[in-house]
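Single chain ahead, written as structure tokens, the form predicted alone.
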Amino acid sequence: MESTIQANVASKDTLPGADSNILVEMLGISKVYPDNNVTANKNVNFNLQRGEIHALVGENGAGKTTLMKILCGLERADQGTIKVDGRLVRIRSARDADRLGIGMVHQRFCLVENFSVADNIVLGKEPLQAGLFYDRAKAKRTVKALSEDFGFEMDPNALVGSLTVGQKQRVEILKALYRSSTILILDEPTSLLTEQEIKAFFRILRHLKAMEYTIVIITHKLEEVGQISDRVTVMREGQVVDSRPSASLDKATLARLMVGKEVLLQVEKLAKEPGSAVLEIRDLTLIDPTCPRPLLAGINLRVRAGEVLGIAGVAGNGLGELEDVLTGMNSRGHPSGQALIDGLEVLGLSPARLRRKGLAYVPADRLQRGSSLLLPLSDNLIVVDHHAFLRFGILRHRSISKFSNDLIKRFGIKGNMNAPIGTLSGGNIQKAVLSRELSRRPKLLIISEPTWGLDVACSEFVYQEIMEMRNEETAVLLISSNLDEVLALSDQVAVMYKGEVVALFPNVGLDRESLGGYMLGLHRQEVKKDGCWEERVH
């Protein structure tokens, strides 16, 4: 009987019969969340080979992130064993995983915005002077050398808040490398990157692989599986359904394995003439006295009935501020200009009054803004129109139950309507918020990052719902950093950079790479005196 060893206990011996190319083995892993009776992992077997890039794919709630959190010590399995280098280990905490060289970069970065790159990377493991005081100079030298060794080109003095999303991701990876992680787990690493940033990121991964680092990518972007990974493991309903070389699977087969049926992820966009303007934005400007430049600078856009206007851009370039100002959620500075719904000024109205004007809103931040994590799923589904479920001031629970169950069934939400919504997976919380807002059939829908973190089957469903609303004459303002999404859904595409609209195109013949150039500030359009557009390369 093999004895279990603590993660911090070193051993030079390899177990008899162990495959020397297998670095990590997870055997019979099971995990149940009793609060909502969800089995996240059921008798899962998973392994990693040395120096490979391994893609882990599956639907929302398939158990991918839970499995990797168990490997990283952020969750504990109810059953199963883990071997690293052929040795049985017990990973009870992130510190145990750290000692084994296992690090994870999460979807939501864990960075301090007003700290420097160097301060963020060494946080929690700072070099000290005389064993007592933080040696900032040594931290900067160490981070600079580390960045150069791996070809990251990061300035250790730069404030993290001033970095692009792609640069912040590099900081997170450097944090793991600084802690001597040789096994890197990356959760949806390309979800907010431009096409150019994805290519640069893949170059970094290939460089790390060449240096014999082992990498796991949890992803919903099936086209990336063949581009970057050596092997792929597919999970469905908490179990592994297949694991094989990535080159042996195409995108359609992967989708079928994930979902259990054919998934096309194609959008049928009917040719139609848009109606009159529902939303008009005129010279919208937002200035925060603490910022060196306007957060929004002279935005002029309109969204017509039966039209989808896609706003593309990299995080930090005004997309979030535009979302906040138009939905009554702004807390930074005072906006000027105009925002009109059906010709009536709505700039500065509260979210409740905007909803009475016909606005539905799906925020980018589903967890903090789109839902109340401690309240039941059913309460979250009715919260916007709860008055419709009142009779003599008392909630009609039978009507609430029917309404909630209808949405749960229609949108495929995996969770108990009476359980706190915070006990659901991130993807299912996202589905709940989407179901609530899309079911309202508004005249104007502002929707931000609608499929961020969603699997291919759910994304297909969301796309169809957005197209249905467009066809029913709803005006849709789509804010997204996912260029595939923008190109699939939009009738017109606007690009924002540093708070300005730098390009506006009809969605005809556009491609990801050219739009990425505008998103990175490499190009912009200018209006000539005759009203024609011309391109200027920066």
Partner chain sequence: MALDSRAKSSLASFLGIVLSILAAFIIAIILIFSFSKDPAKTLYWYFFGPFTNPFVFGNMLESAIPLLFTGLGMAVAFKSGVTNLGGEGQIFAGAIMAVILGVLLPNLPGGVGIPTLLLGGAIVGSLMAGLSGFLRMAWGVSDLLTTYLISTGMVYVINYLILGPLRDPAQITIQSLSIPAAYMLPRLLPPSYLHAGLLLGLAAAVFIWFLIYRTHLGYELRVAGSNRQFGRYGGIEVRQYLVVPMLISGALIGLGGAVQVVGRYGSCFTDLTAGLGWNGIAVALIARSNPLGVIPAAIFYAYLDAGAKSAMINSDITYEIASIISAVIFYLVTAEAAVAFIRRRLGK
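Remember, predicted model here, so these are calculated numbers, not experimental data. Residue numbers count along the first chain shown, from 1.
Omitted from view is the form predicted together with its partner chain, to which the following refers.
J.: If you check in the model of the complex, is Gly370 within 4.5 Å of its partner chain, heavy atoms only?
T.: It does: once its partner chain is placed as it appears in the model of the complex, Gly370 has a heavy atom within 4.5 Å of it.
J.: Can you tell me if Pro156 lies within 4.5 angstroms of its partner chain in the model of the complex, counting non-hydrogen atoms only?
T.: Close contact is absent here: in the model of the complex, Pro156 is far from its partner chain, nothing within 4.5 Å, heavy atoms only.
J.: Can you work out whether Gly316 and its partner chain are in contact in the model of the complex, taking contact to mean some heavy atom pair no more than 4.5 Å apart?
T.: Although its partner chain is absent here, Gly316 would stay clear of it in the model of the complex, with no heavy atoms inside 4.5 Å.
J.: Look up in the model of the complex whether Pro127 has a non-hydrogen atom within 4.5 angstroms of its partner chain, and give yes or no.
T.: Pro127: no contact with its partner chain in the model of the complex.
J.: Pick from Lys83, Arg304, Arg236, Arg355: which has a non-hydrogen atom within 4.5 Å of its partner chain in the model of the complex?
T.: Checked against the cut-off, the match is Arg355.
J.: Heavy atom within 4.5 Å of its partner chain in the model of the complex: which of Asn330, Thr142, Gln167, Thr190?
T.: It is Asn330 that has a heavy atom within 4.5 Å of the partner.
J.: Among 145-153, 228-236, 390-398, 213-221, mark the stretch whose residues have heavy atoms within 4.5 Å of its partner chain in the model of the complex.
T.: Careful reading of the contacts points to 390-398.
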